[in-house]
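Just the one chain here, laid out as structure tokens, in the form predicted on its own.
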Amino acid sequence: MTMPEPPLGASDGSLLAGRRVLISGGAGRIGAATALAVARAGGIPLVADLDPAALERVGECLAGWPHHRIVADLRGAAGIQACLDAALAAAGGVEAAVHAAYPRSAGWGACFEQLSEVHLAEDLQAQLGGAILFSQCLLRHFAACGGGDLIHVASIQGVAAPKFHHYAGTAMGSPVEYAAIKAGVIAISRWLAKYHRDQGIRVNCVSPGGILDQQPAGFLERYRADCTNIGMLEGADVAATIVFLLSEGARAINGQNLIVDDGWTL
């Protein structure tokens, strides 16, 4: 796995100063970039993912930095608790968490007219339900420890309607359930921040724009035309914002959704 260098400022080794950060979906594009950015900022990434081979590749990128890798199934409460237990055993503590896991059913991406009730239920439970259960587990731990930071990864699709013309002539689409799930993730982040007031806990959310992943040239051109300077993003662009939210410099930011999209939603 090759990950781009984080933007300037993300390599400040004192920014996170040894904070142990559990990253779910840590072998994905945003999760892996976040793990690297956390390490470069002086934190200790605890990288959790279901794919052992992908975790090994992330480990290669993190060689030379303190980190831990955890094979975990985060689709249910038992797996989430087992992941936290493994992180605590490996690192001795967890002060922050980033929920970037993105499990999908076999029917993910079907067009609206062909949505399956079974796959819809599976995706809503695994993604939105999983975000709630992950929050429940981690915030219970943070409350017992006197505080902590939780960051959810949502999407611009949870903030604004898709620009459907971007997908013309491609096999790509924007699932309605994805928009519903990501809007829900933004809402629960706000709810959780207020619910855990006066406990030293912060819950924030990041809504990225599209991440480069070998999309067709026509799509990339149309997408870029609706942005301001960059177009599609690298995972490192999102990771830099996540690291800031985990830092002391963001201590007054709570219950917020930061949009990182190069102006796509303008």
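Keep in mind the model is a prediction, meaning the values are calculated, not measured. Numbers for residues come from their place in the sequence shown, where the first is 1.
Not on display, but discussed next: the form predicted together with a small molecule.
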- Message: Tell me which stretch of 186-194, 85-93, 129-137, 154-162 has a heavy atom within 4.5 angstroms of the small molecule in the predicted complex.
- Response: 154-162
- Interface check vs the small molecule in the predicted complex: of Ala240, Ile30, Ile201, Leu62, the one with a heavy atom inside 4.5 Å is Ile30
- Query: So, Leu50, Ala100 and Pro103: all three within 4.5 Å of the small molecule in the predicted complex by heavy atoms, or not?
  - Reply: yes
- Query: Would Tyr167 sit within 4.5 Å of the small molecule in the predicted complex, counting heavy atoms only?
  - Reply: no
- Does Arg75 reach the small molecule in the predicted complex if we count a contact as any heavy atom within 4.5 Å? yes
- Message: With the partner left out here, check for me: in the predicted complex, does some heavy atom of Gly231 sit within 4.5 Å of the small molecule?
- Response: no
- Message: Gly42 versus the small molecule, in the predicted complex: is there a non-hydrogen atom within 4.5 Å?
- Response: no
